[in-house]
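In structure tokens, the next block holds one chain alone, the form predicted on its own.
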Amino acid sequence: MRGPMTGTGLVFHIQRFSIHDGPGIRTTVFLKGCVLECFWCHNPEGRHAYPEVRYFPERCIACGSCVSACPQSAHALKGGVHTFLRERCEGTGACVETCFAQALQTSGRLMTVAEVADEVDADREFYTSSGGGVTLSGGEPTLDSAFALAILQKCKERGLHTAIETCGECPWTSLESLLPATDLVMMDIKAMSGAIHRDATGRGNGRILANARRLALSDVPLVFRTPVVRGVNDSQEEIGLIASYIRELAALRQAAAGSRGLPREIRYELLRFHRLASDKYRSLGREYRADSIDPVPEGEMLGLLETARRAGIDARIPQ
């Protein structure tokens, strides 16, 4: 969703000194909005493409300032007890501005391309020393591809390494438009089984796999990733199928390279699910369906890694 002003978009977080979203020390810009509904999502505040108010009741001091500030009467105070009527909230953020206890916080703010680029550029010295740069994540950066592209182009103009993290569930044209300004694409392949993928994310994986194949024919370095979730895709069979598909893509890229020279790298990463998002879901008034799921034990993760490597691909578990 583009903002009402040209060159603006919704950002819900900018994380500095990130070391898990590409090479080196990076600044990760999280854009709001995603078409998937992964029940274990670590960033539920990025799912909807509009501003949302998060409520942390343990911080509330029942001062009542939000009650008078909210134009939608989404807050009530009775008997010294504050109630947030979320169904009335339109995310204006008027209540947040009056909440000195920070029990209310806004997720999603309109930013211009220049504002984002300036914030990213502030840590240039760390990128230079570590081989880092900027990563667009989400949510899903292709959902507002025009805004994402403008950020990437501005960062490239400033000599920064650029990367995107994508779920791949988007029109190819949206993803393709970002490639000329992108130095690295990190893309999820959560399952080869369409049924497993639909049950876990709300959508099938046909377009994702097709986009992965198209990416393999590009010149951009690729890292495919699988968030390994207990009971979803933590079987040797499923990881083996994903790894075999990635091997096909690597072979496809090598065959297509031809006179263009050596093909750019394709790697595979297994990401261990962690159960750290409970407070985020609670603050948004949503059920966290993964709250009872334990992370896959380290020994089992190593076994899945060996399965992936036996398929003949460059696979690892990021530290």
Partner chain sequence: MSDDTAGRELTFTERIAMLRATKMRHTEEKWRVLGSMDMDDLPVILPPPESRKVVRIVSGSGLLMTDALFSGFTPKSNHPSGGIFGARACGENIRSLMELHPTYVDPVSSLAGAYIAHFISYRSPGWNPDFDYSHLQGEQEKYRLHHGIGAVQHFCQDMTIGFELGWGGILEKIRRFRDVNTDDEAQELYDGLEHMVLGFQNWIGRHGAAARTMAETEENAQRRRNLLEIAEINTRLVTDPPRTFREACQWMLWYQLAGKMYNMGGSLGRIDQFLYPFYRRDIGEGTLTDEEATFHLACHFVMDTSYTQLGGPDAAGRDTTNRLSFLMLEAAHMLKVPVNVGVSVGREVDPRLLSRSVEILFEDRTGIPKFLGVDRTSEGFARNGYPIALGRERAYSGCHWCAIPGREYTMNDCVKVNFAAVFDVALHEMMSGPGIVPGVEDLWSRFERHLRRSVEVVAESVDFHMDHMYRVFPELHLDLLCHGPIEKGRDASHGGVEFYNLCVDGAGLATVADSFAALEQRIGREGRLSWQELIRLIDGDWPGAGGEKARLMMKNIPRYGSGGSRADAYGLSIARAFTSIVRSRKTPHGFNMIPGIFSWAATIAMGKDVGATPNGRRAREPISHGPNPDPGFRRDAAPTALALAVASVQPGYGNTAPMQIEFDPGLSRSSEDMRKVADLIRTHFELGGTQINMNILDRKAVLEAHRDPATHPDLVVRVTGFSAYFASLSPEMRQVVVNRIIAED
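Positions refer to the first chain, counted from 1. What you see is a predicted model, and the numbers here were worked out from it, not measured in a lab.
One more form of this protein exists, namely the form predicted in complex with its partner chain; it is left out here, but the text below deals with it.
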Checklist entry - Counting only non-hydrogen atoms and a 4.5 angstroms cut-off, does residue 20 reach its partner chain in the predicted complex? => result yes
Checklist entry - Hey, in the predicted complex, does residue 83 get a heavy atom within 4.5 angstroms of its partner chain? => result no
Checklist entry - Is there any non-hydrogen atom of residue 126 lying within 4.5 Å of its partner chain in the predicted complex? => result yes
Item to check | residue 14: touches its partner chain in the predicted complex, heavy atom cutoff 4.5 angstroms | outcome: yes
Checklist entry - Where does its partner chain sit in the predicted complex: which of 248-256, 286-294, 62-70, 33-41, heavy atoms within 4.5 Å? => result 62-70
Checklist entry - Among 179, 101, 209, 76, which has any heavy atom within 4.5 Å of its partner chain in the predicted complex? => result 101
Item to check | Contact residue in the predicted complex, chosen from 130, 236, 112, 244 - any heavy atom within 4.5 Å of its partner chain | outcome: 130
Next on the checklist: Just to make sure I understand: among 305-319, which residues lie within 4.5 Å of its partner chain in the predicted complex, judging by heavy atoms?
Outcome noted: 316, 319
